[in-house]
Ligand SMILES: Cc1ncc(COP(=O)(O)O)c(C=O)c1O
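Here we start with a single chain on its own, the form predicted on its own, put down as structure tokens.
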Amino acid sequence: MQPRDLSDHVAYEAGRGIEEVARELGRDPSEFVKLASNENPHGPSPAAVVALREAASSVSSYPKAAHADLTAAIADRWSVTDEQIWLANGGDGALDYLHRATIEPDDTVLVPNPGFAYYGMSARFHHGDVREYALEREDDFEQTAETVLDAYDDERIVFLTSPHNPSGSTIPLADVERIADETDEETLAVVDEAYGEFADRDSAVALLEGDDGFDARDDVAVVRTFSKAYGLAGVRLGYAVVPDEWGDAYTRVNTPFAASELACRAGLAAIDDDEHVNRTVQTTENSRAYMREHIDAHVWESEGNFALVDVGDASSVAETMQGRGVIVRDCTSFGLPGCIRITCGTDDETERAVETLNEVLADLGLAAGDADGDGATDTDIDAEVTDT
């Protein structure tokens, strides 16, 4: 017996971890800094760490109360009803639930390219098809309603990423509203705000509730996560905020107890740890500005906790940086073989990454966009570095 035909599925390629790289190179893990997976450089919320320790003795019970309490806390944070919060095993779990609630076999979803691979992966798991709209590097990966609507062809779900991974660009709420207005009434616009805490923009939750002059909508959903700003990537906790009319669907599509006892307790503690989140956001802003000012290559403006850098030959640069102890993300898997993505680290981590990158660029003879190493820039992107 064989599994079903998975030939049109792709495997998710995660950023490499310190232990993995150290074992491969036969070196001490302490020699490395990992800036490849957009993790929180300050670690988890300290309040969440305390909560995890205290909850450890209760993991023999199902998380019914904790699940309900966290749902209520998130709903209160966004001024929505409890039924509008769909807890999940990470933001990717929330994507799965939205697909379960929406997609019929052979329905199609529209996803950004480049973009998060799991949008398409999850759709295919649920027997849907995938189409793409292009975010062009020549346009600095700008996200507009026109870009999406020009590619739209009655897809069941349209995915928007704000901030976008890996570029860090965002989409204005007015454009999200226009996309929802001008797509079919049975099309759901899903706004992935995994990096939303780092962006100087209001959340698309405003479109569900009719806040800030918008009309309340039943065709927009928002995905959020505790992995980034709260530092809880390891416990796998995310959620979707859905239209009020969708509340009943959750109990029909979610797994029993969609988030664990430990995840729920950690989330309950972290959601009120504003000091940790504010510190994380400030570190991110400092790191983004430093990279824009000091990297000897083009760095795109970003509202995420990372920066995309045009290095010309991503594989060579990432491999060489890794050998020198700094792990960054080769964006070839995003369809950007000339770019690397660097997570915003602490001041020391960021300075080390920038120094290492500049040395590698010089040693390899690579300028911004110089894929063949001849010293000439292969794109017309202005590589002048400016402060953010």
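What you see is a predicted model; the values in this text were computed from it and never measured. All residue numbers refer to positions in the sequence shown, first residue = 1.
Only in words, not in the display: the form predicted together with the ligand, which the text now covers.
Counting only non-hydrogen atoms, which stretch in 115 to 123, 197 to 205, 258 to 266, 275 to 283 is within 4.5 Å of the ligand in the predicted complex?
It is 115 to 123 that comes within 4.5 Å of the partner.
Indicate whether the ligand has at least one heavy atom within 4.5 Å of a heavy atom of residue 96 in the predicted complex.
Residue 96: no, not in contact with the ligand in the predicted complex.
At the 4.5 Å heavy atom threshold, is residue 161 in contact with the ligand in the predicted complex?
Residue 161: contacts the ligand in the predicted complex.
Decide whether residue 298 counts as a contact residue for the ligand in the predicted complex under a heavy atom distance cut-off of 4.5 Å.
Output for residue 298 is no: heavy atoms all beyond 4.5 Å of the ligand.
Residue 288: heavy atom within 4.5 Å of the ligand in the predicted complex?
Judged by the heavy-atom cut-off of 4.5 Å, residue 288 is well away from the ligand in the predicted complex.
Ok, 165, 71, 147, 102: which has a heavy atom sitting within 4.5 Å of the ligand in the predicted complex?
It is 165 that has a heavy atom within 4.5 Å of the partner.
Position in contact with the ligand when the complex is considered in the predicted complex, options 236, 294, 217, 131, heavy atoms within 4.5 Å:
Spelling it out, the residue with a heavy atom inside the cut-off is 236.
Across 218 to 234, which residues bring a heavy atom to within 4.5 Å of the ligand in the predicted complex?
Going through 218 to 234 in order - heavy atoms within 4.5 Å of the ligand in the predicted complex - the hits are 225, 227, 228.
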